[in-house]
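Quick heads-up: it's one chain on its own, the form predicted alone, in structure tokens.
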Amino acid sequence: MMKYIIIPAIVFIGIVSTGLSLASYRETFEKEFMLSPWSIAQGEVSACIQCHTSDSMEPRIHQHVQEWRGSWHAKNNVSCHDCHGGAPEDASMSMMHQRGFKGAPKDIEIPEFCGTCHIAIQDNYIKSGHGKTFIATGEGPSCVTCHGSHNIQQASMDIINEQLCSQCHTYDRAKEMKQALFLVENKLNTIAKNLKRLKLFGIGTDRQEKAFFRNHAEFRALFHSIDVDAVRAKSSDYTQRLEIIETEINESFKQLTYRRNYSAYLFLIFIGLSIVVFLLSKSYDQKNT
């Protein structure tokens, strides 16, 4: 008799305690298995990658592919043809200009080349001291000077460093910009980490992610103006916007804590009920022996 009571109770407890995280497992499965491996497989069979990794190519060309594979572009499914054009699915057409092939840009074309996707950043860069100098003289920092060409990583304040910036001017100027960015950058990093944590627990974050992405993109674009005063003036505005997102995230963590506590409460109730049923059953058996 006892096993018919306890086993269903245990099964029910398992359903209650794990049900809340099923969405998380499903999302992780879709992201890590359904998306990532297949996206890599698609890249591996592209004509661009097959050709550039073949034995007929010199090691320098192989390196371009290896750098791209570890880049922020690759992690976000931005492949060769997204920047260079062409037909990656057809080797015979892969480098045809009729299929939009652009190849590698000349140095002076780099801002426009990258600006195809990074429109707001390009606009601010062109208006900046960096952009004006580069466009007027063909010298000075362009996109690849700071970000590289194929091994492009997620932007962070680490890119503002003495080794890189002092190639063109004293680091003091760059240090001022880094200090002006510090508060907002810290908030952006904290929010990004907390959004990832919530998603792993199966909490919906679509609205917060959209708001975060919008503010993140705007602030990144503003930085490329290289205008310390403008960054300082708008930092408080971005800080207020990000604090609204932080408040919503904190509320989601509170709800998560409540759900965990509620699951634990149900678990204890069923354990208690199972013990009571067991004792009653034992007492009943003793009376009938």
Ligand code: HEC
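These numbers were taken from a predicted model, which means no experiment stands behind them. For every residue, the number given is its place in the sequence shown, counted from 1.
What follows is about the form predicted together with the named molecule, which we do not show.
Using a 4.5 Å cut-off to the named molecule in the predicted complex, each of 68, 72 and 95 places a heavy atom inside that distance. The named molecule in the predicted complex is approached by residue 47, whose closest heavy atom lies within 4.5 angstroms of it. Taking the partner from the other structure, the named molecule in the predicted complex has a heavy atom within 4.5 Å of a heavy atom of residue 79. Proximity of residue 173 to the named molecule in the predicted complex: non-hydrogen atoms within 4.5 Å are present.
Contact annotation for residue 155: at least one heavy atom lies within 4.5 Å of the named molecule in the predicted complex.
Contacts between stretch 145 to 159 and the named molecule, counted in the predicted complex as any heavy atom lying within 4.5 Å, involve 145, 146, 147, 148, 149, 150, 152, 153, 154, 155, 156, 157, 159, listed in sequence order.
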